[in-house]
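One chain comes next, on its own, written out as C-alpha coordinates in the form predicted alone.
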Amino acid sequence: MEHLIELTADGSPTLFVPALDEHYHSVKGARTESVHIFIDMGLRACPLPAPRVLEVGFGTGLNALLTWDEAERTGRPVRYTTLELYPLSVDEALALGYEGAAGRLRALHEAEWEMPVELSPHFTLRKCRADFTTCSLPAAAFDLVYFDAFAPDKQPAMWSEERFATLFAALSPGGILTTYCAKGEVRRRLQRAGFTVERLPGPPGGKREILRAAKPL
(Lines give C-alpha, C1' and ligand atoms only; values in the text may rest on other atoms or scores of the structure.)
Protein backbone atom coordinates (compact mmCIF):
# COMPACT_ATOMS: atom_id res chain seq x y z
CA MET A 1 0.00 0.00 0.00
CA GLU A 2 1.07 3.55 -0.69
CA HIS A 3 2.07 5.63 2.35
CA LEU A 4 2.33 9.42 2.43
CA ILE A 5 4.21 11.31 5.14
CA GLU A 6 2.28 14.12 6.83
CA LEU A 7 3.15 16.39 9.73
CA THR A 8 0.71 16.44 12.64
CA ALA A 9 -0.24 19.35 14.87
CA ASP A 10 2.59 18.82 17.39
CA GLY A 11 5.21 18.79 14.62
CA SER A 12 5.74 15.02 14.66
CA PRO A 13 5.18 13.01 11.47
CA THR A 14 2.73 10.26 10.67
CA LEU A 15 1.77 8.21 7.63
CA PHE A 16 -1.42 8.52 5.61
CA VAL A 17 -2.75 5.50 3.70
CA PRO A 18 -4.87 6.71 0.76
CA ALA A 19 -6.30 3.23 0.10
CA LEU A 20 -7.82 3.19 3.60
CA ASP A 21 -8.27 6.96 3.95
CA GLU A 22 -6.59 6.50 7.32
CA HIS A 23 -3.67 7.94 9.29
CA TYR A 24 -1.34 5.85 11.45
CA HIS A 25 -1.65 8.41 14.26
CA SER A 26 -3.81 11.34 15.28
CA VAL A 27 -3.39 14.40 13.07
CA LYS A 28 -3.74 16.40 16.31
CA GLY A 29 -0.30 15.16 17.34
CA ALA A 30 1.24 11.76 16.63
CA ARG A 31 3.84 11.76 19.38
CA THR A 32 1.55 13.51 21.87
CA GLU A 33 -1.13 10.87 21.33
CA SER A 34 1.22 7.91 21.68
CA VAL A 35 2.88 9.24 24.83
CA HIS A 36 -0.44 9.95 26.50
CA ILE A 37 -2.28 6.72 25.62
CA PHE A 38 0.44 4.11 25.72
CA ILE A 39 3.17 5.52 27.98
CA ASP A 40 1.32 7.72 30.49
CA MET A 41 -1.91 5.69 30.72
CA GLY A 42 -0.35 2.31 29.97
CA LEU A 43 3.31 1.71 30.82
CA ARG A 44 3.47 4.14 33.73
CA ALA A 45 0.23 2.72 35.14
CA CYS A 46 1.70 -0.80 35.20
CA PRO A 47 3.39 -1.34 38.58
CA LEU A 48 5.44 -4.41 37.68
CA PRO A 49 9.25 -4.14 37.81
CA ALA A 50 9.75 -5.79 34.39
CA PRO A 51 6.55 -5.49 32.34
CA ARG A 52 5.84 -7.67 29.33
CA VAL A 53 4.19 -5.54 26.65
CA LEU A 54 2.16 -6.72 23.66
CA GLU A 55 1.53 -4.20 20.90
CA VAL A 56 -1.17 -4.83 18.31
CA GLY A 57 0.06 -2.90 15.28
CA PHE A 58 3.81 -2.11 15.07
CA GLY A 59 3.26 0.46 12.30
CA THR A 60 5.96 3.12 12.23
CA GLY A 61 7.57 1.81 15.42
CA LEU A 62 6.71 4.98 17.37
CA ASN A 63 5.14 3.19 20.34
CA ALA A 64 8.09 0.82 20.59
CA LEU A 65 10.52 3.74 20.34
CA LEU A 66 8.76 5.66 23.12
CA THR A 67 8.66 2.55 25.29
CA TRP A 68 12.38 1.99 24.75
CA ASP A 69 12.98 5.64 25.74
CA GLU A 70 10.96 5.15 28.93
CA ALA A 71 12.77 1.92 29.78
CA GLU A 72 16.13 3.67 29.46
CA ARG A 73 14.95 6.69 31.44
CA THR A 74 13.65 4.63 34.35
CA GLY A 75 16.00 1.65 34.22
CA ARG A 76 12.95 -0.63 34.27
CA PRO A 77 13.43 -3.44 31.74
CA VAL A 78 10.67 -4.09 29.21
CA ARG A 79 10.08 -7.19 27.11
CA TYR A 80 8.19 -5.95 24.06
CA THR A 81 6.28 -8.14 21.60
CA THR A 82 4.62 -6.58 18.58
CA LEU A 83 2.28 -8.02 15.95
CA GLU A 84 2.35 -6.66 12.41
CA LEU A 85 1.13 -8.29 9.20
CA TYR A 86 2.24 -5.55 6.80
CA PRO A 87 5.52 -4.08 8.08
CA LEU A 88 7.03 -0.93 6.63
CA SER A 89 10.41 -1.09 4.98
CA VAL A 90 13.37 0.34 6.86
CA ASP A 91 13.57 3.18 4.33
CA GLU A 92 9.88 4.04 4.79
CA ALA A 93 10.32 4.15 8.56
CA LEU A 94 13.50 6.24 8.47
CA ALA A 95 11.88 8.71 6.05
CA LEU A 96 9.66 9.80 8.95
CA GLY A 97 12.70 11.48 10.48
CA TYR A 98 11.86 11.13 14.17
CA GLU A 99 14.17 13.76 15.62
CA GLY A 100 17.25 12.37 17.34
CA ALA A 101 16.04 8.79 17.04
CA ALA A 102 17.21 7.57 13.63
CA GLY A 103 19.64 5.03 15.08
CA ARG A 104 17.14 3.44 17.42
CA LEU A 105 14.38 3.53 14.80
CA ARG A 106 16.67 1.70 12.39
CA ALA A 107 17.46 -0.86 15.09
CA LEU A 108 13.75 -1.46 15.68
CA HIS A 109 12.95 -1.97 12.01
CA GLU A 110 16.08 -3.99 11.20
CA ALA A 111 15.65 -6.37 14.14
CA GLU A 112 15.09 -9.99 13.16
CA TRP A 113 11.51 -11.23 13.10
CA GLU A 114 10.11 -14.09 15.19
CA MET A 115 12.85 -14.02 17.82
CA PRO A 116 13.71 -11.91 20.87
CA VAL A 117 16.38 -9.28 20.14
CA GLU A 118 18.04 -7.47 23.04
CA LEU A 119 18.40 -3.92 21.78
CA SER A 120 19.67 -2.68 25.15
CA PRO A 121 19.95 -4.07 28.69
CA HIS A 122 16.52 -2.51 29.33
CA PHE A 123 14.65 -3.29 26.11
CA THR A 124 14.11 -6.63 24.36
CA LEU A 125 12.02 -6.69 21.18
CA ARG A 126 10.21 -9.58 19.52
CA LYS A 127 8.50 -8.77 16.22
CA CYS A 128 5.92 -11.26 14.98
CA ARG A 129 4.59 -11.13 11.44
CA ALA A 130 1.09 -12.23 12.32
CA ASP A 131 -2.54 -11.58 11.49
CA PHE A 132 -4.14 -10.55 14.77
CA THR A 133 -7.59 -11.53 13.50
CA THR A 134 -6.61 -15.22 13.39
CA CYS A 135 -3.50 -15.70 15.52
CA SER A 136 -3.42 -17.39 18.91
CA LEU A 137 -1.58 -15.99 21.92
CA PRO A 138 -0.10 -17.73 24.97
CA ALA A 139 -2.10 -17.53 28.19
CA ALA A 140 -1.09 -14.91 30.77
CA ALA A 141 2.04 -14.05 28.76
CA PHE A 142 1.70 -10.26 28.90
CA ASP A 143 1.10 -7.56 31.50
CA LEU A 144 0.17 -4.68 29.21
CA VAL A 145 -1.45 -4.42 25.77
CA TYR A 146 -1.11 -1.43 23.47
CA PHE A 147 -4.13 -1.81 21.21
CA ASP A 148 -3.26 0.44 18.26
CA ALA A 149 -5.05 -1.09 15.28
CA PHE A 150 -6.61 1.07 12.58
CA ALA A 151 -10.07 2.37 13.48
CA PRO A 152 -13.01 -0.07 13.86
CA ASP A 153 -14.70 1.16 10.69
CA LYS A 154 -11.49 0.46 8.72
CA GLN A 155 -10.56 -2.90 10.27
CA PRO A 156 -13.68 -4.20 12.05
CA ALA A 157 -12.35 -7.76 12.49
CA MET A 158 -9.57 -6.43 14.72
CA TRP A 159 -12.08 -5.05 17.23
CA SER A 160 -14.36 -8.02 17.73
CA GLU A 161 -15.41 -9.38 21.11
CA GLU A 162 -13.69 -12.65 20.22
CA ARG A 163 -10.38 -10.89 19.67
CA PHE A 164 -10.73 -8.98 22.94
CA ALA A 165 -11.37 -12.31 24.67
CA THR A 166 -8.10 -13.58 23.17
CA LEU A 167 -6.29 -10.57 24.63
CA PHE A 168 -8.02 -11.05 27.98
CA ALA A 169 -6.68 -14.62 28.17
CA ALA A 170 -3.21 -13.46 27.10
CA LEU A 171 -2.99 -10.91 29.94
CA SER A 172 -1.79 -11.75 33.43
CA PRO A 173 -4.22 -11.03 36.31
CA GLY A 174 -4.21 -7.28 36.90
CA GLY A 175 -2.93 -6.65 33.38
CA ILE A 176 -4.19 -3.64 31.43
CA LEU A 177 -5.03 -2.69 27.86
CA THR A 178 -5.05 0.86 26.53
CA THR A 179 -6.51 2.12 23.26
CA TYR A 180 -7.32 5.42 21.62
CA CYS A 181 -10.84 4.34 20.66
CA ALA A 182 -13.57 5.19 23.18
CA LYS A 183 -16.62 4.16 21.14
CA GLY A 184 -19.43 2.74 23.24
CA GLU A 185 -19.57 -0.53 21.33
CA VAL A 186 -15.84 -1.07 21.75
CA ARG A 187 -16.19 -0.47 25.49
CA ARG A 188 -19.08 -2.95 25.71
CA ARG A 189 -17.17 -5.61 23.78
CA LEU A 190 -14.24 -5.25 26.15
CA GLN A 191 -16.60 -5.60 29.10
CA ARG A 192 -18.26 -8.70 27.64
CA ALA A 193 -14.79 -10.20 27.15
CA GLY A 194 -14.24 -9.85 30.91
CA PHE A 195 -12.46 -6.53 31.27
CA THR A 196 -13.23 -3.75 33.71
CA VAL A 197 -13.19 -0.63 31.56
CA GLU A 198 -12.71 3.03 32.41
CA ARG A 199 -12.88 6.14 30.29
CA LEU A 200 -9.90 8.46 30.69
CA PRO A 201 -9.22 11.96 29.35
CA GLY A 202 -7.74 11.97 25.89
CA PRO A 203 -4.43 13.56 24.86
CA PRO A 204 -4.04 17.34 24.89
CA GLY A 205 -5.71 18.83 21.84
CA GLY A 206 -6.87 15.40 20.65
CA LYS A 207 -9.68 12.96 21.37
CA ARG A 208 -11.89 13.79 24.34
CA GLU A 209 -11.66 10.30 25.84
CA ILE A 210 -9.68 7.07 25.56
CA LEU A 211 -10.20 3.64 27.14
CA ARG A 212 -8.19 1.66 29.64
CA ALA A 213 -9.31 -1.90 30.37
CA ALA A 214 -8.09 -4.10 33.22
CA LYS A 215 -8.18 -7.84 33.83
CA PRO A 216 -9.36 -8.43 37.40
CA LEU A 217 -6.87 -9.94 39.85
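Since the structure is predicted, the reported quantities are computational estimates derived from the model, not experimental observations. For every residue, the number given is its place in the sequence shown, counted from 1.
Another form exists, predicted in complex with a small molecule; not displayed. Remarks below refer to it.
_Based on heavy atom distances of 4.5 Å or less, which listed stretch (153 to 161, 181 to 189, 41 to 49, 168 to 176) is in contact with the small molecule in the predicted bound form?_
Only one stretch passes the 4.5 Å heavy-atom test: 153 to 161.
*Select from the listed residues 117, 107, 83, 141 the one whose heavy atoms reach within 4.5 Å of the small molecule in the predicted bound form.*
That would be 83.
*Can any non-hydrogen atom of residue 217 be found within 4.5 angstroms of the small molecule in the predicted bound form?*
Answer no; every heavy atom of residue 217 is more than 4.5 Å from the small molecule in the predicted bound form.
_With a cut-off of 4.5 Å between heavy atoms, is residue 24 one of the residues that contacts the small molecule in the predicted bound form?_
Residue 24 belongs to the contact set for the small molecule.
*How about residue 67: is it within 4.5 Å of the small molecule in the predicted bound form, going by heavy atoms?*
No - in the predicted bound form, heavy atoms of residue 67 and the small molecule never come within 4.5 Å of each other.
*Just to confirm, residue 133 within 4.5 Å of the small molecule in the predicted bound form by heavy atoms?*
Because a heavy atom of residue 133 falls inside 4.5 Å of the small molecule in the predicted bound form, the answer is yes.
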